[in-house]
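Take a look at this single chain in structure tokens; it is the form predicted on its own.
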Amino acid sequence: MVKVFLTAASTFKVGRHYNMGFGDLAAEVISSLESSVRSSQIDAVVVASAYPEKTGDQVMLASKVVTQMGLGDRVMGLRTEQGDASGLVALAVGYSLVRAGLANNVLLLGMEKQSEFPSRRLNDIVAQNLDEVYAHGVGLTNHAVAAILMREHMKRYGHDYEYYASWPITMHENGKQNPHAYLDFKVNLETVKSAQVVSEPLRLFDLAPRADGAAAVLLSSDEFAPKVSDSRVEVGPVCSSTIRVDYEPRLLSAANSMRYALDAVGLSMSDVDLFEVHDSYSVMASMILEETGLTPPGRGLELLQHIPINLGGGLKARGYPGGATGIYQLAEMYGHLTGTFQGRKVENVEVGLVQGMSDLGETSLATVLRVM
């Protein structure tokens, strides 16, 4: 059976890139990635992007990338859309193409443009992720649902607001060292506690900031990987779980996807050296970490004191580029496993778990990257 390796990665600083279109963003990361490999013969391009029809009046992004970058008429162009989980869905598609022997090298490209509108308009677009009848249909927004979950979490586990403040404080410390982070500054407890209320009890620093961005990673078969780079990062099966949000302060989809991914490679949570998790809100980060089983229920953020998590600043500080998020997570984990990450580092990382999901976790995906 063909094995799949991650052989190169490139990221572009998340931010408000008003002067750049999708083509400009793609050119930045593809050119950077090509300069880091010995061979860049690509068989397929899978673009992860959630909202281009709404935010950029654009469709057929994959075909445009293939032609604009001169990749060749035989290169297959595909696009995935599963809201903010689109990045790891692209990984599932690319992994399947290589694993099945249908492609030797697959480029995964995450792109999103979210800065062209006022927050109110963007919130309306993102709210289309919610249930058609019982949430979006009655005017709820993602922030309002996250606030309900945070209130339920506080009530069940007896937390005050300061418990959640540890997440943005730590993520901003990590992001300060990441040259590709959007919010690359530190914050303290007083700043977080006194920030604007978005939807009680949710405050401004509990939200991951949506912005523009692009990232790329290259998947290669075990036969072609040595021709591309010296990378020994093997990609495990991409596992998913989809469960409807029921306003209980748990994330069973995250629990399932992470457990399935570890089971698929014969490992357990205690074998993981580094986690990359989808911290769309502080309370979501806490619930994801609780689902690892490495901490008692309701105390997920205490893991920050014991295990490396989101060393690039996570969605909170690196920034939240919508459907491109999962590709950023993969690129950053690749950097840690190959010792090439430009921000905060840890030594002796050989097993990394990447968990991504839709904004509120209806769909979660996970995979394990290992140095072999």
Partner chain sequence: MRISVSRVWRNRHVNYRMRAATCKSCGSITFPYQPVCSRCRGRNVEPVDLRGTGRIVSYTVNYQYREGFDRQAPQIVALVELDDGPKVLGVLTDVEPEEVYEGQRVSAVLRRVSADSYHGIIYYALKFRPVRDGS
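This is a predicted model, so every value here is computed, not measured. Numbering follows the first chain given and starts at 1.
Separately, the form predicted in complex with its partner chain exists; it is not shown, and the next lines address it.
Enquirer: Is His143 near its partner chain? Define near as a heavy atom within 4.5 Å, in the predicted complex.
Expert: Yes, contact at 4.5 Å.
Enquirer: If you check in the predicted complex, is Lys186 within 4.5 Å of its partner chain, heavy atoms only?
Expert: It does not: once its partner chain is placed as it appears in the predicted complex, Lys186 has no heavy atom within 4.5 Å of it.
Enquirer: Would you please decide whether Ile148 lies within 4.5 angstroms of its partner chain in the predicted complex, comparing each non-hydrogen atom pair?
Expert: Taking the distances in the predicted complex, the answer for Ile148 is yes, it comes within 4.5 Å of its partner chain.
Enquirer: Ala195 versus its partner chain, in the predicted complex: is there a non-hydrogen atom within 4.5 Å?
Expert: No, Ala195 is distant from the partner.
Enquirer: Given that the partner is absent here, state which listed stretch (71-79, 105-113, 127-135, 227-235) has heavy atoms within 4.5 Å of its partner chain in the predicted complex.
Expert: Every other range fails; the passing one is 127-135.
Enquirer: With the partner left out here, if you bring back its partner chain in the predicted complex, are Arg121, Gly139 and Lys155 all within 4.5 Å of it by some heavy atom?
Expert: Affirmative, all three are within 4.5 Å.
Enquirer: Which pick from Glu223, Glu248, Glu162, Glu190 sits with a heavy atom within 4.5 Å of its partner chain in the predicted complex?
Expert: When its partner chain is considered in the predicted complex, the option within 4.5 Å is Glu248.
Enquirer: Within 4.5 Å of its partner chain in the predicted complex, heavy atoms considered, which of Thr242, Ser199, Asn256, Gln177?
Expert: Only one option qualifies, and that one is Ser199.
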